[in-house]
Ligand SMILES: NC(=O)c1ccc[n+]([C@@H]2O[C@H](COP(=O)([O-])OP(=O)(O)OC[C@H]3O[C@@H](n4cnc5c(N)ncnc54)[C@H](OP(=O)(O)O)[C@@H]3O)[C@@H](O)[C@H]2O)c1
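Okay, so here's just one chain, in structure tokens, the form predicted alone.
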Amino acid sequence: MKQPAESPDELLMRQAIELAAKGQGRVEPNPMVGCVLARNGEVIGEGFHQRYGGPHAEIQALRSLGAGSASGATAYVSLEPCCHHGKTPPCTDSLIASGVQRVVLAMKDPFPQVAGGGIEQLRRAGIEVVCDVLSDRAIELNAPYLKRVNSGKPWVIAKWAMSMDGKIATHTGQSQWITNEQSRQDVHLTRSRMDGILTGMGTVRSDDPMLTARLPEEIGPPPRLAQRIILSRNTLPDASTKLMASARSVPVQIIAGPDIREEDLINCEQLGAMCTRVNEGESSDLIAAALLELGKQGMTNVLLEAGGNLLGGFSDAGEIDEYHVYIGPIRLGNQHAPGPLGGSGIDRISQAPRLKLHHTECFGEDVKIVYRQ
């Protein structure tokens, strides 16, 4: 069936949302926002929120006019303009002063200091406000921000690489490398946009990972430096591990359960790690408490790179929002070779949660599949 043609408002809003996506990894914990200014259907200015603490999308769009005027124009904004003083002045004030006569929004901002106040302020100033244009696309783009505002927890992305027959290692435990260099480079790009990269002690012991974003020179430095996070119930990493040896140059946080001795945490702090105590013993409670703690620290996106036990624990607890699955064109076989998810799992297929396919990509012969809950 042929899809209906998009309206002029939808076409320009799509452009604003595409602009907003350019801020990914640079603006968090703020949302990604884009703005297009148009008069009589013709674009006269545009902008997006480029970095945390910097000018918001509406201000960038107005500045793009140079000596031109926005009088009588329509502003297409992917999120309700702010109406409070934060790190920057209210965007509603600038829109009102600019003389725009109409503002089209993709969605309202649930942030308590906005939450409809921006719309109300614009309407009080006599500006026509149209809401919910391509709201589904705007919600999808800012799903991590919306989750943190509504639940206090960051968005959790679980990542793994596996063979075409669903194994993450051979039955002898060898796992390097299932996927190719292009896929591994894509993982580094994802890491470069994260607030945190979370793993468990099983992975620290078996792989001794560095968990940093290493990008080619032509791409440039990562937009943000992710904190390496170790979730630990019983044991802690020693000074010889790559994570602890680099803790003074790249941040490491240990989130420890109630069974970890205080003197052991002090030793890790002396090595440069930040240590956070979570007084929950059960796996699901420990995971939920850890995520709430990371949300309090302002984290919006966390990448989960771990073994089957911790991945399974997050899955059983319902704490994975997005899956990045890399499939290499090899078969490993053997019923004893490990798969990606441990945990208690489900008993019947009918109980299994159905995920939504977000997108797929190919890296040579490798395939990346992204699912969301």
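Being a predicted model, the structure only gives us computed values, none of them experimental. Residue numbers run from 1 along the displayed sequence.
This next part talks about the form predicted together with this ligand, which is not shown.
J.: Classify residue 220 as contacting or not contacting this ligand in the predicted complex by the rule of any non-hydrogen atom within 4.5 angstroms, answering yes or no.
T.: Residue 220: no contact with this ligand in the predicted complex.
J.: Is residue 200 close enough to touch this ligand in the predicted complex, meaning at least one heavy atom pair within 4.5 Å?
T.: Yes, residue 200 is a contact residue.
J.: Give a yes/no on whether residue 159 approaches this ligand to within 4.5 Å in the predicted complex, heavy atoms considered.
T.: Taking the distances in the predicted complex, the answer for residue 159 is yes, it comes within 4.5 Å of this ligand.
J.: Report whether the minimum heavy atom distance between residue 233 and this ligand in the predicted complex is within 4.5 Å.
T.: Answer yes; at least one heavy atom of residue 233 falls within 4.5 Å of this ligand in the predicted complex.
J.: So which stretch, 51-59, 64-72, 34-42, 307-315, is the one near this ligand in the predicted complex (non-hydrogen atoms, 4.5 Å)?
T.: Heavy atoms within 4.5 Å of this ligand in the predicted complex occur in 307-315.
J.: Within 4.5 Å, heavy atoms only, which of 265, 129, 149, 169 is in contact with this ligand in the predicted complex?
T.: Checked against the cut-off, the match is 169.
J.: Exactly one residue in 122, 254, 138, 286 has a non-hydrogen atom within 4.5 Å of this ligand in the predicted complex; which is it?
T.: Contact residue from the list: 286.
J.: Even though this ligand is not shown here, does it sit in the predicted complex so that 180, 182 and 215 each have a heavy atom within 4.5 Å?
T.: Looking in the predicted complex, the three residues 180, 182 and 215 all stay beyond 4.5 Å of this ligand (heavy atoms).
J.: Are there residues in 170-190 with a heavy atom within 4.5 Å of this ligand in the predicted complex, and which are they, in order?
T.: In sequence order, 173, 175, 178 come within 4.5 Å of the partner.
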